[in-house]
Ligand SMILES: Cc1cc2nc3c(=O)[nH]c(=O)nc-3n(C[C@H](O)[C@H](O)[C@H](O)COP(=O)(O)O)c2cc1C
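A single chain, nothing else alongside it, follows as structure tokens in the form predicted on its own.
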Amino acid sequence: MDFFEAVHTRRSIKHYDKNAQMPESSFQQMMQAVMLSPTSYNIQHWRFVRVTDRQLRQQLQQAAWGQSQVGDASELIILCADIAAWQKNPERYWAESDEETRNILLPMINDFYAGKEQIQRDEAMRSCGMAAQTLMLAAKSLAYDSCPMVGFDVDDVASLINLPQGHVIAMMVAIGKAIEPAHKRSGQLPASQIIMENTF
């Protein structure tokens, strides 16, 4: 599917064919694209929890206040991030770069994040947001629909997936085959209201 067609036709779908399955090859192709999403300093601090256990899906659906897409979609991905990934062996993020580049970047990453908890968390959320968009567009390109979700009890979900200390949950994304179309778009703001040139 053409990129712009994927952008125009991607919608947040709530109702899925519970019998539809995504081939493993398609899942891997989709996730390989997601793993190319940008992150600051190439930290790659996203962590993706693919939920395949049916009982866990049911528990997560309860934590999401009964929303059917959690249980019925072909795939359910919980996008999380390791907030402290910036300081965990950061050399690995530039393992294939030359030594000069590594010597420049390693002090920079420490100066940028050390002691700045809000920036660390903001960066984790930004990275997950970019990865989620890649995920949904990759799914659409493979003829699957998706639904990004923040409508769930974060503490319950964290407990159910054994979220490690120092990690944060950004969102869930349900992916599958729609059985009902999305509602008509409710109204896009005109470009004149949201695109400024140089200043507000």
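Note that residue numbering follows the sequence shown and begins at 1. All of these numbers come straight from a predicted model, not from anything done at the bench.
One more form of this protein, predicted in complex with this ligand, exists but is not displayed; see below.
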Given that the partner is absent here, state which listed stretch (61-69, 41-49, 27-35, 157-165) has heavy atoms within 4.5 Å of this ligand in the predicted complex. 61-69
Considering non-hydrogen atoms and a 4.5 Å limit, does this ligand approach residue 131 in the predicted complex? no
So in the predicted complex, is this ligand close enough to residue 143 to count as touching (4.5 Å, heavy atoms)? no
Is residue 12 close to this ligand in the predicted complex, meaning a heavy atom pair under 4.5 Å apart or at it? yes
With a cut-off of 4.5 Å between heavy atoms, is residue 149 one of the residues that contacts this ligand in the predicted complex? yes
